[in-house]
Structures are given as C-alpha cells and as structure tokens.
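Shown here is one chain on its own, the form predicted on its own, set out as structure tokens.
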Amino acid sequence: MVAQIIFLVLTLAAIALFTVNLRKIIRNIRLGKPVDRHDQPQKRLMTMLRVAFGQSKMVVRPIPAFLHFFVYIGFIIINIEVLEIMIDGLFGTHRIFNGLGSLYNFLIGSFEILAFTVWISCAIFLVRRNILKLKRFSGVEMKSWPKSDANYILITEILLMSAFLLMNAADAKLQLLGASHYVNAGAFPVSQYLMNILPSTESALVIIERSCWWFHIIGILAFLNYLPYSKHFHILFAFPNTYFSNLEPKGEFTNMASVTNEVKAMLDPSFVPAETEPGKFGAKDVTDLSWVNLMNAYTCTECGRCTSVCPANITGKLLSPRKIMMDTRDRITELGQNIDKHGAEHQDGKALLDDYITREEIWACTSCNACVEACPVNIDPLQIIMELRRYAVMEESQAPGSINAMLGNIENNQAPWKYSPADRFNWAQES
C-alpha cells in the first residue's frame, strides 16, 4: 500500500507540474498576433498526417530518417506498455494484462525488439553528434545548453530502454524460479540474453526488477517534465504545428491591409478604406509576430536541416535559420518569465531585433525558402525574417544602401534599375 501511495503521489505531481508548464507555453504563444489558420481543415489534416505522422520530409536524408523512424515508432508503441505499468502501480498488481495470453506475449516481445532498436538508434545518434561531429549539429547557436540538451535526451532514452530490458530479464528469471507474484507471462526475445548476467537468488532479482521498474516509470515522468525546457517539445507540438502550417504557395508574401488601402486610395480617389486601428509595420519584438510564428519557435527540433541548406550560411554569412527560431523561442520565453515575475505590463527594454537577432542576419537572407522546404515539421523562419525587415524599412527607414537604392529606383523608375522607363527597351533596338 505504501508503494501504491508513493506511485500515486509521484504521478499526480508530475502531471500537475507538466500542466503548469504547458499552460505557460500556451500563454506565451497567445502573446502573438492573431492569424486565421482554420481554413481548409481537410487539407490541413492531410498535411499533419503526411508530415508529422508519416515523417514524409525526413526521407530526404535516408540514414537519419531510418534511425528516427525506430525512435519515433518505439516511443509511441512502447508507451502502450506504460499503461500496464500505471495500472500495476496504482493497484499493486503485476502484469495485469497477462490474461491476453498469446497476444500479450506478442506485445511484450514486440516492445522488447522496439526497445532494442531505439537503444541502437540513440547510440548511433550519439556517435554522429559527438564522435563524427556532423557539421549541421554545430554552429554559434549550438553551444552550451543546446548541445547538451540533445545528448541528455539520447542518454536518457538509452537508460530507459536499458531499464526496461533489465526489468524484463529479471522478471523472466523470477518466473523460471516460480517466485510468488511473478506470473508466467510475456515473451522475451531480447532480455533473455541478459538473464545470464543477473544473480540467481530470488531476493536479488526482486531488487533488480523493482529498481528497474521504479527507474523506468520515474524516468518517464521526469522526461515528461523535461520536455517544456527542451527542444524535444516537438514530440507534442509537431502535430499542431504541421496542422496550422502555411498552405499558401512558398514565396507568396502577405500584404498589409494598411498599405493595400493606401495604394487603393492613390489609384482610386473615391475609395474609402474601412476604419482600422493604426498598427505597426512588421515586427520588432516577438509580440509583433503571429501566434503561429511563436508556435514554430517552440516546435523547432534544432536539427539544423534549415541552416545546412541556407545559401547565405553556406557562403559564410552570419545568417542561420535555426538560430532565428531559437532566438525567437528564447525571447518569448524571457517575456513569459517577466510576466510571471513582474506582471504583464513590465517592460525590460529589450527586443527580438538587435538584442537577439542582428541586422546583418536578416539582410543576409535571400528569401529563397530553402529553409522552409527543408524543415521536417513545416517551420517558417523566412516569415519572421521578413517581418523584421518590414519593421526596419517601414518603421525605422533603416536598410542597407543597396536596398534603399533599389526602393528609390522602383519609386522613380517603376523598376529596380536606375534606367528611365523610356529607355527600358533600348537593348532591343538594332544597332
């Protein structure tokens, strides 16, 4: 009974803490500007099923896609086994679903094989990051915590899978010894090879089995509460993020209603625009971005696929689309912490532009959409970059000289070039 009470208290505390942190993140996302992404529900659902569930954009890189598939499937299916652990923990039973007979044996055997593939995949991922040191896992933004975060998760998953297999090995050996409370149930295609390294006494085996059982469930509860602080929050947010992703053709930018109304008034003096509240052009801080942009930031997996295909980054420029998303997430998290500590009206005198993202970064972007195309969960760094540019140009009138020259030519010559419209077709005249 004491063990059941401890289990119940730990479970409720873990769920409560996760709920508090999740609500804070949702609150932070809602600090963004409203945007309607509820159109075309069928198309959005199919996008989510294809990209998030089907992992369709992962296959561009076959090796990590293959390894990630096992981790992804293993994470989903092995957690079915957690249901049995939860019931056993609450009611003091052991392998409560053993009555399923051969189906139960098949499930436990499948869980073991998947646990082993997850173990191997995570080990290979650790080698890729820390020994092979693939280039896309490095960068100015991948220092300290971001670098350690990935390793912590991979090591944790290896430990959890090891505990699961050791628990089963001890359980199987206790079944062979005829220990009370350990019913004969389950198939152990992987853990059977670990039985020989375990002691033969019943008391020692019970200690190992119970220790691994507690480590496994406490590890899962701890992992749940680690997610809000980690890039691995994409485990949850990848699905709504792909559902609410932009369905418009890539490269099609949104028009600002205030600018559109001014242009219409210039072309048609009789045009009377609807009254709208004066707004800010573009974005200086994260609260000027849309809630979708902020959800993108919390969904970022920091995989580096966007940065690895960015032509600006490849040629040595400062821009890294991954850093854009990480900076956005860091800034909105900072604002949320300020709200918790000082209230909603607190101003810290900082902004996303300049304090987190530099002018050099946003003007290095070629707006080619390569980062958007490469992202496995449909994140759009380009939209954030363009909003920061809009603010710099339309609110501050600050842009590089080449941009100002182009804008001046468009205003005076109706084209980006300095030539008069009357001379535009001189090239076609015969000499």
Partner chain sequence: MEFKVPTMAELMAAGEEPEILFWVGCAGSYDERAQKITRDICKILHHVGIKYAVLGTEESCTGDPAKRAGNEFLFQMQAMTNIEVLNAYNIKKIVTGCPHCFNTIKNEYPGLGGTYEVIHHTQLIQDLINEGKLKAEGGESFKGKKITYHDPCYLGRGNGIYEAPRKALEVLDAQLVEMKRCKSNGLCCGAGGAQMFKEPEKGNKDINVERIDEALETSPQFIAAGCPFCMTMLSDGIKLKDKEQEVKVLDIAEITARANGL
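Computed from a prediction, not measured in an experiment: that's the story for all the values here. Numbering follows the first chain given and starts at 1.
In what follows, reference is made to the form predicted together with its partner chain, a form of this protein that is not presented.
Taking a 4.5 Å heavy atom cutoff to its partner chain in the model of the complex, the contact residue among 311, 92, 240, 199 is 311. A heavy atom within 4.5 Å of its partner chain in the model of the complex is found for exactly one of 37, 68, 390, 57: 390.
In plain terms, the part of the chain that comes close to its partner chain in the model of the complex, with a heavy atom within 4.5 Å, is 261 to 269 out of 261 to 269, 143 to 151, 347 to 355, 232 to 240. The three marked residues, 50, 223 and 227, fail to reach its partner chain in the model of the complex, with no heavy atom of any inside 4.5 Å. With a 4.5 Å cutoff on heavy atoms, residue 396 does not count as touching its partner chain in the model of the complex; it lies far away. A residue is said to contact a partner when one of its heavy atoms sits within 4.5 Å of a partner heavy atom; residue 26 fails this definition for its partner chain in the model of the complex, lying far away. Contact annotation for residue 370: at least one heavy atom lies within 4.5 Å of its partner chain in the model of the complex. In the model of the complex, none of the heavy atoms of residue 343 sits within 4.5 Å of a heavy atom of its partner chain. In the model of the complex, its partner chain lies within 4.5 angstroms of at least one heavy atom of each of the following residues of 245 to 269: 249, 250, 251, 252, 253, 254, 255, 256, 259, 260, 262, 263, 264, 266, 267, in sequence order.
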